[in-house]
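Shown here is one chain on its own, the form predicted alone, set out as structure tokens.
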Amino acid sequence: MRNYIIRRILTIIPMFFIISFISFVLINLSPSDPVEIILRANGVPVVTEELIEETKIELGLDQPFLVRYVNWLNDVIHLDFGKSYVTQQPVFKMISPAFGYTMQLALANTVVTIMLSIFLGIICAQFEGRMIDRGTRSFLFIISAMPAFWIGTLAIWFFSVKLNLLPTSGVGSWTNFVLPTMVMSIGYCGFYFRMIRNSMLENMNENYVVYARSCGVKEKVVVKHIFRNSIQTAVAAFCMAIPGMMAGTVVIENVFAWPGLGRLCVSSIFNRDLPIIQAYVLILALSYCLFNIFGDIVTAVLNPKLRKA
């Protein structure tokens, strides 16, 4: 198991270089001139060609592409993502608090989604084809098809405006988590609970289940074994839920005025603040890689056969 974990962790190194290079290339393909953005953000009334060239030399943007990539990569390794074009503040200083808020929301959504998915998946598998199974699947199918911003707007109107029970936006207490967590979890739960339900239905027809029931094993014990074998297929998906929700909080953070990465990225896109966008893309891509590897490790712990794969 130790060798398997080491091998999986070492794959992060080439992934980091590939992701960083692709993100750097994509940002540099932007038609916007970063020098012109910086000058206009600093209130320069007239942007001349001479001023643009001087600023390029000052910022090192006149150097060849690979040289600029190596310099940027070296800074990123030391957690220096450059400075914002608009505010002139360090990008790391702006991203750090936003990343913390996004992680809090993503973790809350992940916990609620996993708990609801497991509960509904077991219930629907136990009562396959009955009213509770068909009703749950139909309800979550309809909810999952609705846009998150529309559900969020309705939730604010009903729970905050009409009932005056929950705050409409911002952070500060646990009540601020309720509406965004509820809106996001419902949408994701429609996918994950089906995965558990289908996996449990497949395992219910396995020979070990028939043998256990023929031996008079209690149904609770049988369901426990079915669930343990079924959860292995969903572990990787659950581990990917956190980075998926980090990327999916863009709409929710803007609807509920949540000061996270998604809201910061949207404002940076409108302002063409390329360093923040570049850092955002890199962080999310690395998050997917890290949680994917974590999911493989957890799956290998549950299923030793995968360690030799």
Partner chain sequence: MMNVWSKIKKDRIAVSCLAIILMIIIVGIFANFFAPNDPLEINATLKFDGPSWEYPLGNDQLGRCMLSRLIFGIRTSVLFVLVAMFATISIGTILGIIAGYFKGKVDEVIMRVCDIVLSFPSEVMTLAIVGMFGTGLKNILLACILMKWAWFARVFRSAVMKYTDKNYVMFSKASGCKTGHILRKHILPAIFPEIAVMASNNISSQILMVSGLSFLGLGVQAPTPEWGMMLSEAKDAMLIHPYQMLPSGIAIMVMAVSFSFLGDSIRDAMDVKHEGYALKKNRFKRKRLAA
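Predicted, not measured: the structure shown is a model, and the values here were computed from it. Residue numbers count along the first chain shown, from 1.
Keep in mind that the form predicted together with its partner chain is not shown, yet the notes after this line are about it.
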Residue stretch of 68-76, 143-151, 103-111, 84-92 approaching its partner chain in the model of the complex, non-hydrogen atom distance within 4.5 Å: 143-151
I12, L166 and T233 each touching its partner chain in the model of the complex (heavy atom, 4.5 Å): no
Non-hydrogen atom contact V266 with its partner chain in the model of the complex at 4.5 angstroms: yes
Contact flag, I156 vs its partner chain in the model of the complex, heavy atom cut 4.5 Å: yes
Any non-hydrogen atom of A285 within 4.5 angstroms of its partner chain in the model of the complex: yes
Proximity of M115 to its partner chain in the model of the complex, heavy atoms at 4.5 Å: no
Those residues of 119-142 which, in the model of the complex, come within 4.5 Å of its partner chain by heavy atom: Q126, E128, G129, R130, F141, I142
